[in-house]
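Below you'll find only one chain, the form predicted alone, shown as structure tokens.
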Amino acid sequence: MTRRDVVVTGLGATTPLGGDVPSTWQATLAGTPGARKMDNDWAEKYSIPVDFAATIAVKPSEVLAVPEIKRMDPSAQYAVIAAREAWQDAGAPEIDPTRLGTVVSSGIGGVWTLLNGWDTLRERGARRVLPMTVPMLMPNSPAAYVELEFGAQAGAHALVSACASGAEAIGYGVDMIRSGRADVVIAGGTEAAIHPMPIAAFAASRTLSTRNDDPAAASRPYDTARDGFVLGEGAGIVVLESAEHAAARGAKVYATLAGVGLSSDGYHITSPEPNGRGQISAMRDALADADIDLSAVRHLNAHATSTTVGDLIEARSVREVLGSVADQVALSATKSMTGHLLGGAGALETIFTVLALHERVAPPTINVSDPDPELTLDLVRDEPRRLDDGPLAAINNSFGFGGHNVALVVTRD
């Protein structure tokens, strides 16, 4: 049976750089840093060594109705905001509900609801715990609320694979369409974990940057002075559609989601396998799934979180996969601007990858004043770079704690 091609027809986001895709993308191309001092006393009150993060640019209270905010954890709020934008961007397609699916993931879930509920229980007793607490904190809550928003009946899924969650959700959405389960899938990732407990925990694991004196320059992938990632928040959602369905309704098509590669390291709960075994496997599988010539690859959006070890493991893995064509591939590390959205990162970076091909421009990487000499790839620094005319392919990498590896291949004519 002929495999169904899957195209991207809608994009939606709310991020540290903007409340929608256009503002986020323009800020990205301009090299705008999203990290900023937090307007709270958490660092002083709890002795947390980090007092900054890439906080959301537009608060949900400016977009959602009060009843919606009261019944949704921030992670679900972000997902619904992004999904509404993506759906409208896709032209609000008319579709049989049984042919519409949702896959919306989060790496951590409703941590604000969970911890606030525990505080309420300890301080005010069981009777004051909100009756909506469980539906708000469950990790499938964002997927469920998006499903309810659009009446989707082909399935609502919430894959949890740490920082690879958003990309894996998109990959699963591709599989839903290819298998014939759905014609349209709303897919992506979301995260709202800028809370003192997760920040303290990440700081304790020495994975967060502590550049409190200069937050805007803290996320610096591949720089010799990199010292950890910047925690971010937000959501990225795409509308995936079978090419036939999109053509039948005359939909705008951004690009084709041509290849999905998944693997696991089988190595360590937090550290990537040192030789990049799983990362290499995911990228090669995605390229094989896309069935394209390696020479077509002109762009790669790296996972590149700005950690001392992780950045170079990925860089070596990319060099191994791309081989002789590596020098023609424009490498972007957009977490230098957005921070690390955890479960939302892979979805947002898929949007960036789609737009890079659609507009034929690779976004910049900022804060790299002294590139690591072990980086042997063509890093796009400070200014966006024009991509070639003609057919293009790009890779988006997403890797997560637990050894989860996801690579997506995007193409355009």
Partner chain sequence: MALNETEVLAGLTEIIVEETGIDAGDVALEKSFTDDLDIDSLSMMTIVAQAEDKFEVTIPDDEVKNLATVGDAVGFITKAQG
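Note that the structure is a prediction, hence the values are computed from the model and not measured. Numbering follows the first chain given and starts at 1.
The form predicted in complex with the partner chain exists for this protein as well; it is not shown, and the discussion that follows is about that form.
Residue in contact with the partner chain in the model of the complex (any heavy atom within 4.5 Å), chosen from Arg206, Arg128, His268, Arg122: Arg128.
Interface residue among Lys252, Arg71, Arg178, Arg319, judged by heavy atoms within 4.5 Å of the partner chain in the model of the complex: Arg71.
Looking at Leu115, you'd find every heavy atom of it more than 4.5 angstroms from the partner chain in the model of the complex.
Using a 4.5 Å cutoff between non-hydrogen atoms, Pro135 counts as a contact of the partner chain in the model of the complex. In the model of the complex, the partner chain sits within 4.5 Å of a heavy atom of Pro67. Note that among 59-67, 369-377, 31-39, 344-352, the stretch whose heavy atoms approach the partner chain to within 4.5 Å in the model of the complex is 59-67.
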